[in-house]
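Coming up is one lone chain in structure tokens, specifically the form predicted alone.
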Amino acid sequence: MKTGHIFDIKEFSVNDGPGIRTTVFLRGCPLRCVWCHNPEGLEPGRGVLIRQRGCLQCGRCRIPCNHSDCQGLERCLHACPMGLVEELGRVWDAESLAKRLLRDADLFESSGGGVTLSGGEPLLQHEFVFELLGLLPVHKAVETCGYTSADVFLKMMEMVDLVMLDIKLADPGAHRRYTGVDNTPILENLRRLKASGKPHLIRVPLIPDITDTPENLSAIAALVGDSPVELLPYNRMAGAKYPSVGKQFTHLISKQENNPIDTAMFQNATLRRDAHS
């Protein structure tokens, strides 16, 4: 039985596919987008989140302990008098997680919903993901950045009912600058997705002065053609979570507000009004 590292399970989700869903967030991502709003999902494996508000700076969580679930974390999960320390990347085996998710099978059926795997990047744990998907007789969706091999992407498409693919930047140089990786594998997987006939949704995060420029959006529109597109407004509170996972949010987003986005360049686009969070 394969195991995976999960940092959150969100029930009653309505923004990650059709109907009422449960979204599972997996740890680890091959990209390092400067605007990332889920820093707790960046690193693979297990980690620790320490909520900053209310911290007494007492240092108790740093004292070595013998708790089995704390080993390897360099923190004690149980010593904080304010309860501010929690584990990230809890280990689940595929069968146990499937049973947990299928508790809401009746709700999924009545609402036309199901299970969505997100992250991080779920395909970074593809062996676990494939085993889990095979145990879920409900509507299944995957939210992915598309930065994976052709073999993994093709197998994923065979096992799900909906693919939600992020396309952030069309220009290869800009993509490397702002995400840390080349976008060639992503665009190749976009072509595979469009050719497959698999139901899909292209999602474009609107990052001020980076992805929301007319040049970038026009280029993305040309790439996606008549595929359905969802434009995701940026969450300006994204940097607030970084100190909790021992990271620093260094990118300064401009203070430009309410930048009008021309959705006419996309043949089938929606602009989500809630923040991308």
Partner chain sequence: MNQSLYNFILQKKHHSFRAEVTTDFAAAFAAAGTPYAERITARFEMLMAAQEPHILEGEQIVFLRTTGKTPDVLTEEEWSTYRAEHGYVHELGYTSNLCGDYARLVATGLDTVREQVNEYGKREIDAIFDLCERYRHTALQQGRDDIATVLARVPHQGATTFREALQFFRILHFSLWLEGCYHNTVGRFDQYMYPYLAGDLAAGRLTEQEAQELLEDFFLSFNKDSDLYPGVQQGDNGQSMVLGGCDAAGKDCFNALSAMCLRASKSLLMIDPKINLRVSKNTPIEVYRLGSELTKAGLGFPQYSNDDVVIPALEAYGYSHEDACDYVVAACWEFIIPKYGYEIVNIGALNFPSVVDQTVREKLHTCADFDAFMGEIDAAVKATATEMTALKSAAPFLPSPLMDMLITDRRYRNFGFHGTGIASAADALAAIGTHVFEKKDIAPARLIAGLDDDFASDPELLRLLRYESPKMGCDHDLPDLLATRLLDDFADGLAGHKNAYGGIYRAGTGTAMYYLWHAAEVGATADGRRRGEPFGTNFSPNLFAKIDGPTSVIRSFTKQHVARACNGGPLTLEFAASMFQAPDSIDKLAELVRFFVMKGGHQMQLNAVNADKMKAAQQHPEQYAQLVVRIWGWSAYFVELDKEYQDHVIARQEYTV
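No experiment lies behind these values; they were computed from the predicted model shown. Residue numbers count along the first chain shown, from 1.
Although it is not shown, the form predicted together with its partner chain is what the next lines describe.
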{"query": "Contact flag, residue 93 vs its partner chain in the predicted complex, heavy atom cut 4.5 Å", "finding": "no"}
{"query": "Residue 14 within 4.5 Å of its partner chain in the predicted complex, heavy atoms", "finding": "yes"}
{"query": "Distance check, residue 83 to its partner chain in the predicted complex, heavy atom within 4.5 Å", "finding": "yes"}
{"query": "Residue 171: touches its partner chain in the predicted complex, heavy atom cutoff 4.5 angstroms", "finding": "no"}
{"query": "Non-hydrogen atom within 4.5 angstroms of its partner chain in the predicted complex for each of 135, 176 and 211", "finding": "no"}
{"query": "Per-stretch contact check against its partner chain in the predicted complex, the hit in 103-111, 187-195, 123-131, 142-150 (non-hydrogen atom, 4.5 angstroms)", "finding": "103-111"}
{"query": "Answer option from 206, 162, 77, 98, heavy atom within 4.5 Å of its partner chain in the predicted complex", "finding": "77"}
{"query": "Sole residue of 51, 46, 236, 247 within 4.5 Å of its partner chain in the predicted complex, by heavy atom", "finding": "51"}
